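Quick setup: one chain, the form predicted on its own, written in structure tokens, and binding and motion questions come after.
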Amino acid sequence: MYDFQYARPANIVEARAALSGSNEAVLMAGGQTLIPTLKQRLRKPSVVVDLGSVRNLGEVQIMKDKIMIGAMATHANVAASPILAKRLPALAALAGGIGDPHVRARGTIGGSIANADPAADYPAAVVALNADIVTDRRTTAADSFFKGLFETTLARDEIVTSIHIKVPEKAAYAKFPNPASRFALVGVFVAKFKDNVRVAVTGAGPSVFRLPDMEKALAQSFTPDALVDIAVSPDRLNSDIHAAADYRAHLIGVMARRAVAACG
């Protein structure tokens, strides 16, 4: 690691001030991505701003027809939340399948979506659930939040504070995990609302994306059989040592049907 200063603000105002003090300052939520990159000397920040002591950023609350999840809620918090167990068990199950107990104890939902790893689980959930990403300065729909490989609409000094999620009638997530990392080779989150169906895919491409053809078919008939004849093109999908693009294209269909079946 390179030398850096360490700041541990108590609130968002202090965090914003610590970030604004240097163009090379970085935020740390759970540190599950930042710390490995620091160890490998892939990043050289002047200041690391740790959000671990910022108050009221880890709560899960009901807000009318939405659920508010604080950005510093750990994967373990999300998995164990009684609110999510009752209102949105698909998201709790997703969180419970991330990484291992250590990762789930430290990693956070806000850090995950801000990092925008192409194989992370949460991006598929927040896009399929038509969530709003709330920061210290604005609210952005999940559909427009993710821009590409490790790229979002966030400014360098912008802080994710919470995620507001609409509660669907039914939802489920199906993932084909890398057996070592538990990241998604392909993960598909399906959410059925009163007036539409949303299907979001992670792990298969450079960033999370939706499948309009599947959404239309499921809006007509919300059954796994409705997806049998829908093929996904391997063009622009990831191809690496873990899985070729055409295999990922096949897995998208399999995981989508499993997710619909899991909805009951």
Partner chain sequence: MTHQPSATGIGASVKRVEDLRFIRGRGRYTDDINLPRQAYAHFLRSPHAHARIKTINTEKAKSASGVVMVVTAVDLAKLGGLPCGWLIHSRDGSPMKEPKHPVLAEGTVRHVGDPVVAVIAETVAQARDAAELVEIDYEALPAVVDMAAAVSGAAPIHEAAPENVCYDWHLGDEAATDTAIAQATHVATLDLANNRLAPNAIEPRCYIGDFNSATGEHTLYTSSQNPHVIRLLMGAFVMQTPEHKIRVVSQDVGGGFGSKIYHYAEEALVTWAAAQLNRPVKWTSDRSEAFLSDAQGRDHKTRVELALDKDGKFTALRVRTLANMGAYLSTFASVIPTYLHGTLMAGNYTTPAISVGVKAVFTNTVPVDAYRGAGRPEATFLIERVIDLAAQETNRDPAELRRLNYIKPSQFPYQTPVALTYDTGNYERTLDMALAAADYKGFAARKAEAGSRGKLRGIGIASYIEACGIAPSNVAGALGARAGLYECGTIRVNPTGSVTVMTGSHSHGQGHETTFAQLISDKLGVPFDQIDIVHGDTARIPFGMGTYGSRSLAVGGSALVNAAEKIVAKGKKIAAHMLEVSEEDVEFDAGIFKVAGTDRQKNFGEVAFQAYVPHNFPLETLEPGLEETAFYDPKNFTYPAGVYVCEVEVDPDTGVVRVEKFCAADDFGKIINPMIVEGQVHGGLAQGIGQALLEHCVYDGDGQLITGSYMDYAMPRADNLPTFQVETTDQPTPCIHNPLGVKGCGEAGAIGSPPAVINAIVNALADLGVTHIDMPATPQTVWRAIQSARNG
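Numbering follows the first chain given and starts at 1. Every value quoted in this text rests on a predicted model; they were computed, and no experiment measured them.
Form predicted together with its partner chain: not shown, discussed below.
Novice: Decide if the three candidate residues Tyr6, Val49 and Ser53 all line its partner chain in the predicted complex, where lining means a heavy atom within 4.5 Å.
Specialist: No, the candidate spot makes no contact with its partner chain.
Novice: State yes or no: in the predicted complex, is some non-hydrogen atom of Asp246 no more than 4.5 angstroms from a non-hydrogen atom of its partner chain?
Specialist: Looking in the predicted complex, residue contacts with its partner chain include Asp246, since a heavy atom lies within 4.5 Å.
Novice: My question is simply whether Phe193 lines the interface with its partner chain in the predicted complex - judged by any non-hydrogen atom within 4.5 Å.
Specialist: Answer no; every heavy atom of Phe193 is more than 4.5 Å from its partner chain in the predicted complex.
Novice: Does any heavy atom of Met255 come within 4.5 Å of a heavy atom of its partner chain in the predicted complex?
Specialist: Residue-level check for Met255: yes, a contact with its partner chain.
Novice: If you check in the predicted complex, is Asn178 within 4.5 Å of its partner chain, heavy atoms only?
Specialist: Because a heavy atom of Asn178 falls inside 4.5 Å of its partner chain in the predicted complex, the answer is yes.
Novice: Would you point out which of 27-35, 61-69, 234-242, 203-211 contains residues with a non-hydrogen atom within 4.5 Å of its partner chain in the predicted complex?
Specialist: Heavy atoms within 4.5 Å of its partner chain in the predicted complex occur in 234-242.
Novice: Could you run down 182-205 and flag each residue that has a heavy atom within 4.5 Å of its partner chain in the predicted complex?
Specialist: Those in contact are Arg182, Phe183.
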